[in-house]
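So this one's two forms of a single chain, laid out as structure tokens and tagged structure 1 and structure 2.
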Structure 1
Amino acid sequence: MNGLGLHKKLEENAGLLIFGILFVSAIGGLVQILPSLFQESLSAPMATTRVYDAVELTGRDIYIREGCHVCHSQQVRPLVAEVERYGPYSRAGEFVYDRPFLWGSKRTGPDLHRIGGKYSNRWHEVHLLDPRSVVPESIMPAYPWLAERAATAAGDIQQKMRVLRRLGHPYTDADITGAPARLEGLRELDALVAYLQMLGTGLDPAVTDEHEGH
């Protein structure tokens, strides 16, 4: 009767019911969140993970500017269907230098986290300029202006790298000083392709067999 009485009291008192829901939810949240705050593997880069160089970093900014992350996710889930289609599932340590991360949740197009090295630079260039010439059923828009704009127009690369260094990205003075020269003569198209070719390539080869069930 005591249990039934308490249950009835909760149902009749909206304020008490809301408090009870929030209290239980808070406990559940803490159980999930607190351990992750002290799990080093979630915040430490993998041994093979590196920062984006000047060209790749510029390409990433262009990727975000053009809204590519709206239709493409960058997180292969640890599910059989996912790894069969895209490759080894994503690890937390691969995203340490992603600010902001681009995991996404909507896939109008395929996940791109393992796209690096899958196609040639030329394939990516043609695909970005005229998607249906290589994928007839594609609904992706074309981005012809990327071939017309200089990569240096995408923003102050040195300032970006200085800010990221303050946040813990291991850029050296030489990296920052030489950044403009790395972009000289390149188009935004070249920078974006460089970024795409780097995606998913920072996974330690020693753990890639996991997705094959060995």
Structure 2
Amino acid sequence: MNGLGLHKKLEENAGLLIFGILFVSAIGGLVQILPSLFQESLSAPMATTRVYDAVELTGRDIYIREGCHVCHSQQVRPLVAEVERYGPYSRAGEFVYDRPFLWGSKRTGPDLHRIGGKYSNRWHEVHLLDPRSVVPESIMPAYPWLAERAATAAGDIQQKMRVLRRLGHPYTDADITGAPARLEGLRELDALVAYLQMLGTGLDPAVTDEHEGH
């Protein structure tokens, strides 16, 4: 049977057409995507990478809720200018506790992967509540409500940690039991700042080379 004959069959049989589309479109995913799900180098944490604690995890989920990732990437590319501007480039092992990943696709504002430790907590607080008071040209929105809401109001932290533990994050029973107490008295603003200060600090200094030593 030549190609056209085969095609005549496809053209006149809905079942074969459905199967054909599914088969042909699945090949790429099976060859290209599936292997990476089993690749150790993508799922093994760096020696220095740790899970988010209760406060940082709360801050991270606030970061997601407010859509910070819409304008800020978390991915320093291995390019001279990027390493110069932001710091050591991003490694896969740093992201293994990121569910979901927050690499982003747009830099309306600067990359944030190496923001941790660059500014004081106070700077971040002022900047989040009134960006233009510290950066006059900024077009970032202000987030005044973060100062008014308790960190405990941003979702059930114990349930979150239990779910993440099921997905393989190494939380201990003590971590989970003690989580609500960690959030006690904190505002959402404090949790978000704690997350920002922790960002990018899990990099193992042993893997960076001299060119990245800023």
Partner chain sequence: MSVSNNGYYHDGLVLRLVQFSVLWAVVAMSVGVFIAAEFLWPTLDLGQFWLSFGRLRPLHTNGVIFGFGVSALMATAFYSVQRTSHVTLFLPKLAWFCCYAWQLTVLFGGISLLAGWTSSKEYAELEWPFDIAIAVIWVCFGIVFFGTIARRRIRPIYISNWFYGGLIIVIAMLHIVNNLALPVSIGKSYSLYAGAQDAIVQWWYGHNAVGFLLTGGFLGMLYYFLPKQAEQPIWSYRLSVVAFWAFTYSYIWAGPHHLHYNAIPEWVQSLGMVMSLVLLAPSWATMINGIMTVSKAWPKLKTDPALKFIVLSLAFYGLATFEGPMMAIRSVNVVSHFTDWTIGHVHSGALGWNALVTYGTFYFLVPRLVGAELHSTRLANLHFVLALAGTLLYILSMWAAGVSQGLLWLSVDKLGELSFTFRDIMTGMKPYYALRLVAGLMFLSGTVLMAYNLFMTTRGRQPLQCAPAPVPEPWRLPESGYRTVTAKQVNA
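Just so you know, these numbers come straight off a predicted model, no measurement behind them. Structure 1 provides the reference sequence; residues are numbered from 1 along it. In this text, rigid core is short for the largest set of C-alphas that superpose within 1.5 Å between two forms.
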Do you think the form predicted in complex with the partner chain is shown as structure 1, or as structure 2? 2
Relative to the superposed rigid core, does the CA atom of residue 26 travel 2 Å or more between the two structures? yes
Please say whether, between the two structures, the C-alpha of residue 198 moves by 2 Å or more once the core is aligned. no
Relative to the superposed core, what is the Cα shift for residue 17 between the two structures, in Å? 16.4
